[in-house]
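A lone chain, given as structure tokens: the form predicted alone.
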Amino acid sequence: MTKATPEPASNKGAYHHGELREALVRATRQLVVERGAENFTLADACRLAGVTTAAPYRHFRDKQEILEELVARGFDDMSERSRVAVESHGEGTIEGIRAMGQAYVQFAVDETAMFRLMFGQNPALKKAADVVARGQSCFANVINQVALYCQREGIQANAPEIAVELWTFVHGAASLLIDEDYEKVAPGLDVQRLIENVTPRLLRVATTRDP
């Protein structure tokens, strides 16, 4: 079956300064979702946005910089989902930390193309300053919640190390889920329930070790 070609915008040259930037970001995101980041050109994004091929250079040096913007926004979205999850379940609680993990998995399911772009094999993209900063800020949310949990419970523990262990588990689960690898060994596995069950165990084990 032939994939339908996205309808381009019809307002070539009509965007105001800020609108042009956003139109290019939206068009690039749509193409990432539909084709994958490697399977379209900047000219494709221009056609979809309804602008000339010279237009992007008013805001971005190249396609790579637009992808950097997308990934940075992806981490912002993930951070916001984490914030809402914690707000709903309690700061520095097992329930809040567990909800953060479940929100992470749900992001991977809802935004699979973005998740793959954020954690894919593009070294230049991963090293971009804004991407690194926003990614670190996102992960800092996990560290902060673990640190608050330890403080509330009167536990002396290495919060960054525990946060890495939790992230390793949750990221692995999210990746296995969207790649459909669980279906090969555990068809029908409820990954959200897995996160719910395993997170408290990981916390208990990690916080009983010497800091």
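As the structure is a prediction and not an experimental result, all values here were calculated from the model. Here the rigid core means the biggest group of C-alpha atoms that line up within 1.5 Å when the two forms are laid on top of each other. Start at 1 with the first residue shown and count on from there.
The form predicted together with a further copy of the same chain exists for this protein as well; it is not shown, and the discussion that follows is about that form.
Looking at 22 to 30, 181 to 189, 144 to 152, 45 to 53, the stretch with residues near a further copy of the same chain in the predicted complex, meaning non-hydrogen atoms within 4.5 angstroms, turns out to be 181 to 189. G92 falls outside the set of residues with a heavy atom inside 4.5 Å of a further copy of the same chain in the predicted complex. Remark: Q156 counts among the residues lining a further copy of the same chain in the predicted complex, judged by a heavy atom distance of 4.5 Å or less. Interface membership of V109, defined by any non-hydrogen atom within 4.5 Å of a further copy of the same chain in the predicted complex, is ruled out.
Within this chain, R83 is remote from the site of a further copy of the same chain in the predicted complex, having no heavy atom within 4.5 Å. The candidate site formed by T41, F60 and E69 is entirely out of contact with a further copy of the same chain in the predicted complex, as no residue has a non-hydrogen atom within 4.5 angstroms of it. Within 4.5 angstroms of a further copy of the same chain in the predicted complex, the stretch 167 to 185 places a non-hydrogen atom from each of W167, T168, F169, H171, G172, A173, S175, L176, D179, E180, D181, Y182, K184, V185, taken in sequence order. With a cut-off of 2 Å and the rigid core superposed, T168 has a Cα displacement that falls short of the cut-off between this form and the one not shown. After superposition on the rigid core, the Cα atom of V142 is displaced by less than 2 Å between this form and the one not shown.
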